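Before any questions on how it binds or moves, here is one chain, the form predicted alone, in structure tokens.
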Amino acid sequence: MRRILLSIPVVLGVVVVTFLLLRLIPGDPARMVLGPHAPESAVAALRRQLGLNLPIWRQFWAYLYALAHGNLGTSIYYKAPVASLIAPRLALTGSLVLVATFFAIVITVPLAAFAATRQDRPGDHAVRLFSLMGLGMPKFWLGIIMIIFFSLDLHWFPVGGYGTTLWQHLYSLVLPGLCAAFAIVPVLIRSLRVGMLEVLGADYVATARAKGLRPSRVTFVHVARNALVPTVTLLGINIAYLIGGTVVIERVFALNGLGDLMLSSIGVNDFPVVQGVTLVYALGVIVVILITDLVTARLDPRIRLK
């Protein structure tokens, strides 16, 4: 509860900064809606209707008042409630983040364990080289390479889109999820490898080996769990990064999620939609960080949420 209360100023800060920065973007939303050839009288009338002719402080107060009543406003461009535009896209973006997190964990844990148990051997060098190469790969470039190879050449996955059934949804998120996961896997591998190397020298690991436990059990039960705490914290931070990082991936793979809605709305100066999507991103980041704190406290009872 204390963490949730402390999150309120963060949300308010995001709301204020987003509201003010959007007003600095060149262009008139009313002019963009009506077109470049619309008469000035029509543009002025639409500005009055949208409240864009009011002072900034009055616009901000009206926005806060509506937000306090659960109203994200009405889209200037789409002429629809912002909540109705965000809701159907939220599930897609959330699913993409979950799939990317799953792939990141599945890739990170075995590779980090493989590298840590073979320190300074060819296998360790290969994993470290893989993580180093991954750090330098732009997501949009990797996504295009994946589409060319797996979709156009091998025909294993669709080029883009989300499908209509549950199976099609999951199938279409494989490539975007892998692309998003590779953005954070290199950092996670390096963190978990270092943590496991530190734990491998502990006395209780030597005791577990002396008891005759299988090497795989020692690695994944005794070593990995105790080395996970800093990596879980790093994972939470990177998942929070992924929430905003899906903007580029959704555009590359033609996914109609929050990121695509955000870019489209920025292009037409649709202030209410951009403010609503940014607020959803901020809330998502706060929830992820809170869950990360709870998981780390569960993994290590010595950690207290202070």
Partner chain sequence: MNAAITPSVALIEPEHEVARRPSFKSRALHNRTFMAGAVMITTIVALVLLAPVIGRYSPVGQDLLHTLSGPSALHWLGTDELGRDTWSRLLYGGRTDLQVGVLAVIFPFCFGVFIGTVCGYFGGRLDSTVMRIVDVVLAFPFYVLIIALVFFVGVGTHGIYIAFALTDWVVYARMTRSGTMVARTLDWVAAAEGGGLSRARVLWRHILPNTVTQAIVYSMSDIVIVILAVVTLGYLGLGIQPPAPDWGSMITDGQNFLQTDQWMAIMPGVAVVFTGIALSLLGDGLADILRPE
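Residue numbers count along the first chain shown, from 1. What you are looking at is a predicted structure, and each value in this text was computed from that prediction instead of being measured.
Although not depicted, the form predicted together with the partner chain is the subject of the following passage.
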_Only one of Ala126, Val229, Leu132, Leu197 gets a heavy atom within 4.5 Å of the partner chain in the predicted bound form. Which one?_
Leu132
*Triplet Thr18, Leu24 and Tyr241 all within 4.5 Å of the partner chain in the predicted bound form via a heavy atom*: yes
*If contact means any heavy atom within 4.5 Å, which of 145-153, 94-102, 67-75, 112-120 contacts the partner chain in the predicted bound form?*
145-153
*Heavy atoms within 4.5 Å of the partner chain in the predicted bound form: does Leu261 have any?*
no
*Is Trp141 close enough to the partner chain in the predicted bound form to count, meaning some heavy atom within 4.5 Å?*
yes
_Contact test in the predicted bound form: Leu255 vs the partner chain, heavy atoms, 4.5 Å_ = no
*Using heavy atoms and a 4.5 Å limit, would one call Tyr63 a contact residue for the partner chain in the predicted bound form?*
no
